[in-house]
Ligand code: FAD
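Have a look below at one chain only, the form predicted alone, in structure tokens format.
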Amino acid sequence: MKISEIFEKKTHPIISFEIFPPKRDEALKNIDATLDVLSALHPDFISVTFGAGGSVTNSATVDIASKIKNKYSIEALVHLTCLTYSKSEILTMIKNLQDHGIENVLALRGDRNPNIEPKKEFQYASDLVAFVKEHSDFGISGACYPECHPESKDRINDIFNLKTKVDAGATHLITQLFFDNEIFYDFVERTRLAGINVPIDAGVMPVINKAQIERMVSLCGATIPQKLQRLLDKYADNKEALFDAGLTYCINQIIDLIAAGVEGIHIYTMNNPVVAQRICDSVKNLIKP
């Protein structure tokens, strides 16, 4: 089922998770334990980031997505990047995903890597969206930045580029992480005024590791509110306390999003099933149809 169709049929907020292929083979063997827990929480879909190190036809990303779809009967959303790939390589990836029964992709440009020369056949994510739409029947999702893409000139230009991506064929959007819901609400209002009417998932990430979150913030340009910074400063050296405080902050953020009528919440789990379990247990009565 296409992700957009899931939104059409649901009468309550969509809940989804993101996981990534572990870098070590030993951890990859244990991914089933994580998927067992996540599937028991009945998410509407699970996205899988693009794993490094695999060929275009045999990657950990596809293997994990296939398990999600075919073993656990949950829709899988596969991240697909294009900056360092040719059109022929993307076509090979599309065929491989189709062979595994995958129906949804998250079309991304991909981060620039100084060690890898771009192929220059795809300049923007919207180029990939249009290409995938032309060559497949996939449901196509796209990424968006509530606080503006770091490479955009300004918010107006960023919304214009997002509209281009949706017009090219993206039928669902997932935001990068944010920690101030008012920023998200303002972003959604601006997208609707621009004529972007596809479902928008609010992407949230629990702050349970200070170094990790600071790295993520540096990559996506998210703002850390003062009340969250106080938690980081006070509990940075107390792993257990930061875990509890960060999860509580995230849960409160999700509760407010649900109360405001958000269409969907996409939880960046960091492959930690305890995080997903705690969050879902805390909001399960709020998302019942």
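For clarity, every value in this text was computed on a predicted model and none was experimentally measured. Residue positions are given as counts along the sequence shown, with the first one as 1.
The form predicted together with the named molecule is left out here; the points below concern that form.
Q: Go through 67 to 75, 174 to 182, 93 to 101, 204 to 212 and give me the stretch that gets within 4.5 Å of the named molecule in the predicted bound form, heavy atoms only.
A: It is 174 to 182 that comes within 4.5 Å of the partner.
Q: Spell out, yes or no, whether the shortest heavy atom distance between D158 and the named molecule in the predicted bound form is within 4.5 Å.
A: Yes - in the predicted bound form, heavy atoms of D158 and the named molecule come within 4.5 Å of each other.
Q: Heavy atoms within 4.5 Å of the named molecule in the predicted bound form: does A143 have any?
A: A143: contacts the named molecule in the predicted bound form.
Q: Would you check, heavy atoms only and a 4.5 Å threshold, whether A125 touches the named molecule in the predicted bound form?
A: Output for A125 is yes: heavy atoms within 4.5 Å of the named molecule.
Q: For P199, is any heavy atom within 4.5 Å of the named molecule in the predicted bound form, or not?
A: It does not: once the named molecule is placed as it appears in the predicted bound form, P199 has no heavy atom within 4.5 Å of it.
Q: Could you work out which of M216, L108, V188, A130 is the residue within 4.5 angstroms of the named molecule in the predicted bound form, going by heavy atoms?
A: If I apply the 4.5 Å criterion carefully, the residue I get is L108.
Q: For the three residues S4, H135 and D167, which mark the spot I'm curious about, does each lie within 4.5 Å of the named molecule in the predicted bound form through at least one heavy atom?
A: Per the other structure, none of S4, H135 and D167 touch the named molecule.
Q: Along 79 to 99, which positions have a non-hydrogen atom within 4.5 Å of the named molecule in the predicted bound form?
A: Sequence-ordered list: H79, T81.
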